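Encoded as structure tokens, the following chain is the form predicted on its own, with no partner shown.
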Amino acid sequence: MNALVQKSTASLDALKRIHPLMPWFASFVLLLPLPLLALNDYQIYLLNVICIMIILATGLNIVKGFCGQVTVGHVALYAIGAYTSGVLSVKFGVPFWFCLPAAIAVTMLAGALVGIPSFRLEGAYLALATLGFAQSVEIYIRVTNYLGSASGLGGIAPPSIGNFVFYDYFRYYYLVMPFMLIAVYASFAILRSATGRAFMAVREDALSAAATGVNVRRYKLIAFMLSAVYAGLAGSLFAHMVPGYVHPNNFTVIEMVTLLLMVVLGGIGNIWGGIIGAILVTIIADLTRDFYFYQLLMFGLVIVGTVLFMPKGIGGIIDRYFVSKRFVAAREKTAEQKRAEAAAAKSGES
């Protein structure tokens, strides 16, 4: 196992030396044949859902993991993106390629509104405020006839490029998968930028960050808006996926807890951990769908257990492994140098 990990790490380093984007291109090539390995259409559908959940979890990780803002209203932004795209498609006949940026813009505006309470609220109080926002959005959708109310909104047209229509799950995968890779790459770029460093400063200590010149309010607002961009993208992709139907039940408390579990289990602030969490939780949620009424309890217990016994999640375990490997390698190198110096000294004396 260690040899395999070392070989994979060496391969990634070699690709990065060729070009920084080469690992991402390699990932794209590796992901291309996945639908061909699926046994049926439902498994391909699950691949599409996993890609959408990765986008959603990555966006939540920006505001919660990078910037440290306790929000549980991300699912409401997801709903806003889905219904914005759906309404434009059904009511006005707008093509997907115009619905998508419109959904992102509207969701980003909603994210800015959600971020304003973070100026004065923190911790549990901010969580309650965003929870109220999420519940309000769900209730508003259920009672608004224009949005399909409790019956849902159907007839959303699938995307197309010229005469090529993404009318089934197999074709749709080759639309949603590139968007997922671009979203993950963008999150790494944000984390490594000056904005990402400001986010982490706010997360660690907002007062200290402000004392060093970081505009705390500005960066909190940016974090909410960036996470909303991801939610709007995921919502639009979900709405236009076959059968082109969205329902208020897609954006309930259970979906919200499921999304939180993805981030907590994967590791708050860890991008790769969030991706692993999104994959695992999506598959587990599908396997336990027969126990729908107990899912909230099961996921809640897993969140509590993860916080207590694995506070840094799966991503933390992976990071610890690589740090330990580097430490052991450095120690062995130092010991080897000392042995070489001792041997040289001994030969000099003789």
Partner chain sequence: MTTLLQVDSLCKSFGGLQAIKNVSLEVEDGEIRGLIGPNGSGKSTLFNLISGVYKCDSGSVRFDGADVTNWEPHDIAAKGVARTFQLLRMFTEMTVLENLMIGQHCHVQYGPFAAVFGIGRVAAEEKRLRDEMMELLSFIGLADFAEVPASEMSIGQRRLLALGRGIAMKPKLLMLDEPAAGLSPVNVDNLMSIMVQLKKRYGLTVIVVEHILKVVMDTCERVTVLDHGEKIAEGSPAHVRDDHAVIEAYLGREMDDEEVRAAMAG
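Predicted model, so just to flag it, every value in this text is computed and none were measured. Residue numbers count along the first chain shown, from 1.
Although it is not shown, the form predicted in complex with its partner chain is what the next lines describe.
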query	finding
Every residue of 25, 113 and 316 near its partner chain in the model of the complex, heavy atom within 4.5 Å	no
Proximity to its partner chain in the model of the complex, single hit among 207, 124, 143, 161 (heavy atom within 4.5 Å)	207
Partner-contacting position among 91, 171, 247, 197 - heavy atom within 4.5 Å of its partner chain in the model of the complex	197
In the model of the complex, residue 120 touching its partner chain (heavy atom, 4.5 Å)	no
Partner contact for residue 326 in the model of the complex: its partner chain, 4.5 angstroms, heavy atom	yes
Exercise: residue 185 in contact with its partner chain in the model of the complex, heavy atom 4.5 Å	yes
Proximity of residue 136 to its partner chain in the model of the complex, heavy atoms at 4.5 Å	no
Location of its partner chain contact in the model of the complex, chosen stretch of 236-244, 213-221, 78-86, 93-101 [non-hydrogen atom, 4.5 Å]	213-221
Sequence-ordered residues of 31-65 touching its partner chain in the model of the complex, heavy atom within 4.5 Å	none
